[in-house]
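Two forms of a single protein chain come next, each set out by itself as structure tokens; they are called structure 1 and structure 2.
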Structure 1
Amino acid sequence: MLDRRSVLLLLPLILAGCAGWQSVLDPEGPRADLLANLFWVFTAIVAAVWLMTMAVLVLALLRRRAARADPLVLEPEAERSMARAVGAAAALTAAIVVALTLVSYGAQRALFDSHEAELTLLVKGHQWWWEVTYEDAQPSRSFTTANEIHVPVGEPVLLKLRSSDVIHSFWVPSLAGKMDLIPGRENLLIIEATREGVYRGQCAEFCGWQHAHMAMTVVAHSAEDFERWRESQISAAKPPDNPVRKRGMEIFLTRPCVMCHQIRGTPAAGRVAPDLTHFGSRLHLAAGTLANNRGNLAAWIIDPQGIKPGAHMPLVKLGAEEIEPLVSYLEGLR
């Protein structure tokens, strides 16, 4: 179980919302590092080329010269030297292009060479959330969660990317480049974090109305914390520990909620919406749309369409007195 303390420790990072949060320029893993370095190499070279070109252009404009009486009277010597200059510039362009192609190819080899990893996750894109399955040789030890991926620090993790509807793209820029999720295909991507922390990512291929609210969080832990988290996720949901939550569970199980959501350990076994077995342990709700707290959760249940218009969670009519127990129950699913 992810203890409260580590969540609290991570909180400032989440709120600060900058470094390592969702940025190509804040790499936090070996692949993202490589990509950032490559990016800077290219940037330096193309910036130099731009500056050189503009410098020559400005010189060409500022150069003093006499007006030409007849535009057709050209000086052969000047023409020849310009031909040499243009030829040299073209040759230099070609050389730069070849060099950059080789540099790029080298980086590409390093990035895509191996798709081997200890840990394999199946990530399935849905309009507009992520289903994440931790596979295990023992079927009883594999489990499904949503919108949040936990990984051990310093270990490559292989993602098998699939889609259940339209094309999405998995992108956590601080850890790796993006890769599309295409219906009928399986793409592979390796992510790896070098430091503990919370990394945000978001769908990068337009996928309909709520493309903007299809984010995911990657939490990188030490190996021990990760194991603890994994064990807690494998287990089914604990039964509610107080009467309010018990009431909440009854509400959940007698309302349309069960038709779509699964809570392992209860009769709720819907598979078309995010698994909620350990919902209370997650940092966000509705695929990164809101921070996971009582107020937001209540707001979401009362009016999902107001918060995420078009989302495939319908408005479920609940009595005013039913919200509180339901929220307490879900919150308790740690």
Structure 2
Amino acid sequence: MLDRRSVLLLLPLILAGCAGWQSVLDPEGPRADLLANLFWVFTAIVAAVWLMTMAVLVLALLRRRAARADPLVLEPEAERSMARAVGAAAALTAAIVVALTLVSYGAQRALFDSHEAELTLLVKGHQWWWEVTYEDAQPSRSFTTANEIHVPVGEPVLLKLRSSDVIHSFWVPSLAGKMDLIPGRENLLIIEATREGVYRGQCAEFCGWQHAHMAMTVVAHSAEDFERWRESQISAAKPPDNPVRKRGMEIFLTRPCVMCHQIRGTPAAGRVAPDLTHFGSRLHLAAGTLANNRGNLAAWIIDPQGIKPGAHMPLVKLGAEEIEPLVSYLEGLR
């Protein structure tokens, strides 16, 4: 059992979870605003009910009546007063429940009133990473990336959510509520950012051993920056520009890596693992497990199971002299 001092020490740690870059109480989009307001309305009403209950309890204790000489003798006036008090409390409880239900219903209607958007993304959940395809009426302008979503500020973006294996749940608390990804079904979700920035998301449905390491990042740009980013992503990977990176490309194309990953502009056309065409431009690797830098990338290539046990990335035997060129090649895919 926790004593009072332990509870007081733990409280700041618990409340710290309500802030930061992954919090429903830090909304940066209209739908997230709606959910945050709903949270505060419910919290305020529940707090008021608790305070009223405690006030009545304290009042009852202070006005405690003396024991009656004969407990079987009824006091009609007192009985009527208590009946009226219980009736009023029941009516107030029912009114509060109905009011909260109506507020919640109104919020749900506002959240799902429209699924129209200029930009449509197909987001597919895998154990344990996210595949993101930017759809376009012109197939040549459609492209696929992984674990990172870029959106223009102030523009609703429609997400078509699917799963390839088990149930996942897409949740970027600062931008929208969560929505499940269910095998054999397509769910729709709109996200919108009102401010430029980087927002963290997380799979919110337990989906296996590495569920906790299935994060994604949403980067909100100005419209001009987003168009520049999109044009860069549509293009194929640039050929290596120095001998070291050329050697790295040879290693990649002659090892099992090529069986799973795709790099547009090369013979690598695997579709069961993240597309690496512009891997070097991403902020993280292994679905948010590590920052995308040279050291972490080398560690991930050498021992993926040590970093993310159970991940489908196998251990590929490489010579010590092959690590540096391979890391240089992948790092340069921007």
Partner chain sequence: MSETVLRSPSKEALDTDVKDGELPARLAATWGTAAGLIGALSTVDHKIIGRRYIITGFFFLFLGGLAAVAIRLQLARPDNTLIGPDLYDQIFTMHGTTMMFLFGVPIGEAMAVYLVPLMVGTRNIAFPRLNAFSYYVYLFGGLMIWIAFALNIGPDNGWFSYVPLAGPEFSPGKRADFWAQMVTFTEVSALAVAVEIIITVLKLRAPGMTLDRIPLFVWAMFVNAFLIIFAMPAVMLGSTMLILDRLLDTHFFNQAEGGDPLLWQHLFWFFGHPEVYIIFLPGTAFVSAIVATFARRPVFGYSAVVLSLIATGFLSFGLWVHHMFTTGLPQLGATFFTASSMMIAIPSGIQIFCWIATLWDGKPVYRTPLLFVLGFFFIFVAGGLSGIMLASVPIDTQVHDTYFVVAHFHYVLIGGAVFPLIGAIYYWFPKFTGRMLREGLGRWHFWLALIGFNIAFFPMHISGLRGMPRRVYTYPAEMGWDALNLVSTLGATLFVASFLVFLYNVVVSSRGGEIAGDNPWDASTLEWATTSPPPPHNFDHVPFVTSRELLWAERQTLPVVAGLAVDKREVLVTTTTQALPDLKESSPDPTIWPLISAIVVTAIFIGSIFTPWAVAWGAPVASFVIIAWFWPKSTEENV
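Residue indices: 1-based, along structure 1. For the two forms, the rigid core is made up of the largest set of C-alpha atoms that agree within 1.5 Å on superposition. Just so it is clear, the model here is predicted, and its values are computed rather than measured.
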Pick one: which is the form predicted on its own?
2
Comparing between structures 1 and 2 on the rigid core, is the C-alpha shift at residue 272 2 Å or larger?
no
With a threshold of 2 Å on the C-alpha, tell me if residue 68 counts as moved between structures 1 and 2 once the core is superposed.
yes
Checking residue 55 here: with the core superposed, does its CA move 2 Å or more between structures 1 and 2?
yes
